[in-house]
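Heads up, the chain below is alone and in the form predicted alone; it's given as structure tokens.
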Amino acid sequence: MNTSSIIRSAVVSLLTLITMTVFSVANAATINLTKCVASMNKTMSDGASVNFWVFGSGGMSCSGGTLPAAAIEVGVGDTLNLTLSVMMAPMEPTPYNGHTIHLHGADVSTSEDGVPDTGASVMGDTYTWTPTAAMAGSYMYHCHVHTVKHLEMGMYGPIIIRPKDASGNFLNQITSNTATAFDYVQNYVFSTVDPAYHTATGDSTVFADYNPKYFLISGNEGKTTSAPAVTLAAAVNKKVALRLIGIHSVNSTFQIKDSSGAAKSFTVYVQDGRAWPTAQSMTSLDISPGQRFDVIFTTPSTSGTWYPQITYKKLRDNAAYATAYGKVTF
């Protein structure tokens, strides 16, 4: 290659870099959200009432608190400023007073990580994150004060990082890879409840032994296929994306089954916010506490019903506790 060709190549590369930089800046958004903490009681399937602490919206006047908390969607290249207000928040006595937000799985500096042991304020703070294209996928946010207690109390919710088009709009894809395009999408947040944790405080010996009694998908029990925790009305020959978010404190196995109990295949594209080098099709997926997976399945050409489901298992011997069901009709 002669000198002029080298110069032309360098100029083209520089112009491309400049164009990409301008594009990313022009389409980047700043998302400012304020979260608060509220107390709520939930009546379980056996009639028992369990008290939860949940994230809502606003400052002193906290509203919209749900179990799990509302999903936060952020575009690739956007900047999330997530502020936590603890005014009027329910909390434990010292040394476990206060709350934080930990952006679970996010690549952030220590100052943004929400961990009290490394200096995070427990009396309100703002957490900032700008995800890159390599980070598209599912994450979660949760309190990191006395984590064993506050996670169990319900202080968690999904964060979804989405790719964007040239106009800055969200793409209906898991990542920038067009193979991850979907027609429908739903969050499946897996969690478990040990009622004893909800009344224990401080350094109670209760926290040394976990005995869950309730098994949830996105805040609901879904104990049978006739009473599923979540439902989705899809159509035939369509792609359905499920964002599997494991905030549970036990082992588990995810499957999709049809009305006759036959396991159906799905494809895993992303694990813990990073794309797999090669997507893999499977009929069963083990999900440990804290893990997240983004999967897609295709509905058949004839109408019917499939049941995405999670079987919760004991940490000690992997024996099954119970299965919670979702439902997809097409």
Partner chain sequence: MQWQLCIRLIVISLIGCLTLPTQAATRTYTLYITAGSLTVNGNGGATLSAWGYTQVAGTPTFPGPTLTANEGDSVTITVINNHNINHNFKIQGVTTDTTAIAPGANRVYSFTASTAGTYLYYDTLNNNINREMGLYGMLWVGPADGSAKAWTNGPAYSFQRLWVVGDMDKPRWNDVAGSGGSVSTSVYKPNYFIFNGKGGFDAMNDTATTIDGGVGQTALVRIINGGQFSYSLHFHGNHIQVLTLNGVRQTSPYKQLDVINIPPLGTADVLYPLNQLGEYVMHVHTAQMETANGVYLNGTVTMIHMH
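Positions refer to the first chain, counted from 1. Quick caveat, the model's predicted, so the values are computed rather than measured.
The next section is about a form of this same protein that is not shown, the form predicted in complex with its partner chain.
- Picking from 141-149, 182-190, 166-174, 223-231 the stretch near its partner chain in the predicted bound form, with a 4.5 Å limit on heavy atoms, gives 141-149.
- This chain is displayed alone, yet in the predicted bound form one of N211, S259, T178, T132 has a heavy atom within 4.5 Å of its partner chain; that residue is N211.
- Proximity to its partner chain in the predicted bound form, taken as a non-hydrogen atom within 4.5 angstroms, holds for one residue of Y197, F254, Y127, F215, which is Y197.
- Heavy atoms of no residue among S57, K239 and Y312 are located within 4.5 Å of its partner chain in the predicted bound form.
- Although the partner is absent here, M88 is not a contact residue: none of its heavy atoms lies within 4.5 angstroms of its partner chain in the predicted bound form.
- Interface membership of R274, defined by any non-hydrogen atom within 4.5 Å of its partner chain in the predicted bound form, is confirmed.
- Interface residue remark: T299 is not counted as part of the site for its partner chain in the predicted bound form, having no heavy atom within 4.5 Å.
- Interface residue remark: S63 is not counted as part of the site for its partner chain in the predicted bound form, having no heavy atom within 4.5 Å.
- Taking its partner chain as positioned in the predicted bound form, the residues of 289-308 that bring a heavy atom within 4.5 Å of it are, in sequence order, P289, G290, Q291, R292.
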